[in-house]
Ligand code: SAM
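Encoded as structure tokens, the following chain is the form predicted on its own, with no partner shown.
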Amino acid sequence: MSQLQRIAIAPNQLQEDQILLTPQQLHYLGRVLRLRDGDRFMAMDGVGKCWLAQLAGEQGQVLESLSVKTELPVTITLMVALPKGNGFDEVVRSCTELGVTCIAPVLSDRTLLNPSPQKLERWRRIAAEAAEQSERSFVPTILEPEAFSTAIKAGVENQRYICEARGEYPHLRNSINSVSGEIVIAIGPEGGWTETEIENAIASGFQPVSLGRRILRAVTAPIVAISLIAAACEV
């Protein structure tokens, strides 16, 4: 069962016990994976439901609902300043595999990238593919980019952390208060957050934390942060 290929479907693709496959999904199942009628695969709707299905012509026939327990017991929102180049692709891919729930790209004072709408669609596609690969039952939500100053004012989570490479701050590993509920973790761009951004985040309820003594790349830091949270949750 665990070796069956899984695909992410939109909720409206499920019509009673039939899955209306898209041309892209049919190509992937039939031409890439070389599945034939009667061959089985798994379908997930990205919001927690999963089914065992078999290929039947241009549709999928639902055989049974499945219970998949691959999600973390905590909801993690990664608020990350967009790195330069295509670095955000790797952030989305790796952090999806690690169990992040929501990724909120933000524009900080030192952000150089101004993404196009096509970038957002690309990131959402990468998240869906990474969720399939890592056998998750949820596809992370990728929010539209917004200013960091606006993003920190939203939400009422008790556990809100902002990572800063410079300064004497407690390690994230020792700062996580519990392994349940919701956690927001903010990661800065190349060059780090400005002093004003740190001050504004603290005023909005964020606790400054460290990821260690080394200076991490903007693409590496989110992966380290999510890994530390996941390790604290999965005991």
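In this text, all values refer to a predicted model and were calculated from it rather than measured experimentally. From 1 onward, residues are counted along the sequence shown.
One more form of this protein exists, namely the form predicted in complex with S-adenosylmethionine (SAM); it is left out here, but the text below deals with it.
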Exercise for review: Kindly indicate whether Gly192, Ser210 and Arg214 are, all three, within 4.5 angstroms of S-adenosylmethionine (SAM) in the predicted complex, using heavy atoms.
Suggested key: yes
Check your understanding: With a 4.5 Å heavy atom cut-off, would you call Ile183 a contact of S-adenosylmethionine (SAM) in the predicted complex?
Key -> no
Practice item. Determine whether any heavy atom of Ala221 comes within 4.5 Å of a heavy atom of S-adenosylmethionine (SAM) in the predicted complex, and answer yes or no. Key: yes
Check your understanding: Heavy atoms within 4.5 Å of S-adenosylmethionine (SAM) in the predicted complex: does Gly60 have any?
Key -> no
Review point. Are any of the heavy atoms in Arg31 no more than 4.5 Å from a heavy atom of S-adenosylmethionine (SAM) in the predicted complex?
Key: no
Study note, to complete from the structure: Students should find that, of Ala127, Ile103, Val91, Cys163, the residue having a non-hydrogen atom no more than 4.5 angstroms from S-adenosylmethionine (SAM) in the predicted complex is Cys163
Exercise for review: Pick the stretch from 51-59, 35-43, 202-210, 66-74 whose residues have a heavy atom within 4.5 Å of S-adenosylmethionine (SAM) in the predicted complex.
Suggested key: 202-210
